[in-house]
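First comes one chain, alone, set out as structure tokens in the form predicted alone.
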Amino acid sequence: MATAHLIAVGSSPLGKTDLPGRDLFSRAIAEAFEGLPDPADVVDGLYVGAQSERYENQIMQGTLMAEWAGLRNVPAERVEACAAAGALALKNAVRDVRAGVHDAVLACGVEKMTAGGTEGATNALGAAFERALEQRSGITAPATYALLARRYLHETDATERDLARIAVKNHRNAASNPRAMFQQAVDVETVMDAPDVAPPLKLYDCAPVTDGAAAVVVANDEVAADLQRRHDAVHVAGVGSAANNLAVAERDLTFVEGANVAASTAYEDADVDAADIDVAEVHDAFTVCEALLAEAAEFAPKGRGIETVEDPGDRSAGWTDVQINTSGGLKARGHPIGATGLLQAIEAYEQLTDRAGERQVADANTALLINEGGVADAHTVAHVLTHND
């Protein structure tokens, strides 16, 4: 089996913009291919993660993005698993390179979420819910995650203030991330005094609606060496994915089983365990998600995921030393749905190649990415990345 490497990364600005999705994509690949030959001279396939055609009334995203990358007559496909679409694009690119189907593949994601306003984004995201009962009840994404948060607070000794501290940590991390949508720190009182969205979740507990795009180049040993970036490349050492059932009412609300399976599969593929992970980007669409995913990834004992905000030495027994969401996470870096999984990969790439600036974690050599689609673990994709020594 061939080895898959991330050899280049790029993203557009994140936040509300007048640029259409294809122009956001162009910004991302312009950064990714800076100093490299044109995309047509490097990659021979493309996957694009895009959650919904409702935002811009646009399907055929694979063909469109290939056209805008200057690629002709190559396989170019859109993949979709709601917010896990970006990681699914990466997973498919890694699979193709490992299998020898392609030498190098462009994995990208794009979403123009503000095109339809708040109502448009709410409706597009609602399509990820089970149709027969949940969609027809009128439930929204914040409302479903409020169910998880309410249950978590009921079963543990965590409080709404503990959730607020996760938002504070991630805004602090985003303040030193030039890619982040929000680059301002907030304090606990600001989070606690913010308006309710779906109690117990308040405004700062929720990731924002975001426009943006991201791209990474996945290549085999030969391409990585030819481009003389082999020493800067990051090895995709492990991949895992899992689909749980769609209806949230039929799931355990405080154990994200699908994420546990996906992470465990990625660990086994990479021949590592949770204690080996130095940095992790997990899917904090809502603050409670970070606590739940810290437990599902086996970083934290059951009921103690809320200690993700603490320094490693101050956490309960059973916690690892991992640093979570150094990018600011979905919460503060931004959450352009189809691009989110690839933005996670970009943060891991920067951490593992010592490019993360003020937020750099010392001696970071191994990273875990967890990207979820639908409510919680309706679909989860996990990757383990390691630095090429």
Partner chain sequence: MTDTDSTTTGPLAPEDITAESPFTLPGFFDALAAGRLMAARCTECETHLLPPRPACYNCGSRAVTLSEQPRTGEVVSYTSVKRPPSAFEHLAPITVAVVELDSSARLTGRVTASLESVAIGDRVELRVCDPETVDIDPEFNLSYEEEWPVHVFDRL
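Positions refer to the first chain, counted from 1. Everything numeric in this text was worked out from a predicted model, so none of it was measured.
From this point on, the text means the form predicted together with its partner chain, which you will not see here.
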Selected contact from Ala274, Ala146, Ala76, Leu227, since only one has a non-hydrogen atom within 4.5 angstroms of its partner chain in the predicted complex: Ala146
The single option of Leu71, Val209, Val186, Leu253 touching its partner chain in the predicted complex, heavy atom within 4.5 Å: Leu253
Answer range among 127-135, 103-111, 264-272, 234-242 for contact with its partner chain, defined in the predicted complex as heavy atoms within 4.5 Å: 127-135
Contact label in the predicted complex: Ala249 to its partner chain, heavy atom within 4.5 Å: yes
Contact flag, Asp157 vs its partner chain in the predicted complex, heavy atom cut 4.5 Å: no
Its partner chain contact in the predicted complex: Arg150, any heavy atom under 4.5 Å: yes
is_contact(Pro199, its partner chain) in the predicted complex, heavy atom dist at most 4.5 Å: yes
